[in-house]
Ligand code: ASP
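Encoded as structure tokens, the following chain is the form predicted on its own, with no partner shown.
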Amino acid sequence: MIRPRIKVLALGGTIATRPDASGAMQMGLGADDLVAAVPALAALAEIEAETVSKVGSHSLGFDQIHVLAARIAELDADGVIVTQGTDTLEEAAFLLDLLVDRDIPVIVTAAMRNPALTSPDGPGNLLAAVRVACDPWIRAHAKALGVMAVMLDEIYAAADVVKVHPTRMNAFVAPQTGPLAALVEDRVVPLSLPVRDAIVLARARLGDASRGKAQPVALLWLGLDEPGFVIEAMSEHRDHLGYRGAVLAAMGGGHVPERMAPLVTRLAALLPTVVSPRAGAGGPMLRQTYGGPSSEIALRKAGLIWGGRLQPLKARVLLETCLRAGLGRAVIAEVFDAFG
């Protein structure tokens, strides 16, 4: 039987750390090291390993993910595994999903427990990711599945996966949709196919966003008694403090403190400003329920862009990509509207 050709691209992260003389974990392992730690991979696929970087995902940038997406687009392989840190996995995987349009499995995986701990999960997650990439059902539905994240024997859509705990092994979930499939013994058990209409529309509007320049987007989390000084400073500064867009992590179904309504309305007139639900799982917001100057009805009429079901981290990724692609406000609103 011909084994699939799987490319492993390593970026760094906990999965690729090793202890220094003091016992502190440092980046150091490359793709070859990760593959060598899982001898069972050889029975599943022809593995080719490539070290892309050795940095924690907290230090990754949009430009690096764009370069990675271009690398994935040109690979001659039957599947691609990206290993990285968990700090920004949910963002990096979503950005790859916006940029990579291939009919082979593209999977992001990582580790919560470093290699110096008892029962580190990195080798198991890498083995699971390769097993998923080799699975006939996954390969047959690769285009419909899009970029996936594989963690702790569950497979998630990149648009839906979120990190809900800073340290536990079961840190990743998809609260709105659940997993796409699960690994049981050596089998992949399919559970669902994702709704991809919004991603398809976004890709059609984005074109080759990688040709554009980085566009800084502010992420502004709103909480009890927030005075809005940062928003005021962005509005008054002649260059908006360097930002080209903003995402407001708003309260409830899409609300801001009433005293801030004039501030966010002014900001939206100056920069594309997206409202996204601060509730951890994301989820479609209200559009026409509550009245008042700081409610969803008033904010939408004032020109704020509704983020749909995307939680703030992913909304920021999408807005930056739209701005990088040179999209105008109306098209950006159309792209976000598709997310509900």
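In this text, residue numbers run from 1 along the sequence as written. Computed from a predicted structure; not experimentally measured.
Missing here is the form predicted in complex with the named molecule; even so, the following discussion is about that form.
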| query | finding |
| --- | --- |
| Region of this chain that lies against the named molecule in the predicted bound form, out of 80 to 88, 122 to 130, 199 to 207, 262 to 270 [heavy atom, 4.5 Å] | 80 to 88 |
| Partner contact for H58 in the predicted bound form: the named molecule, 4.5 angstroms, heavy atom | yes |
| Heavy atom of A111 within 4.5 Å of the named molecule in the predicted bound form | yes |
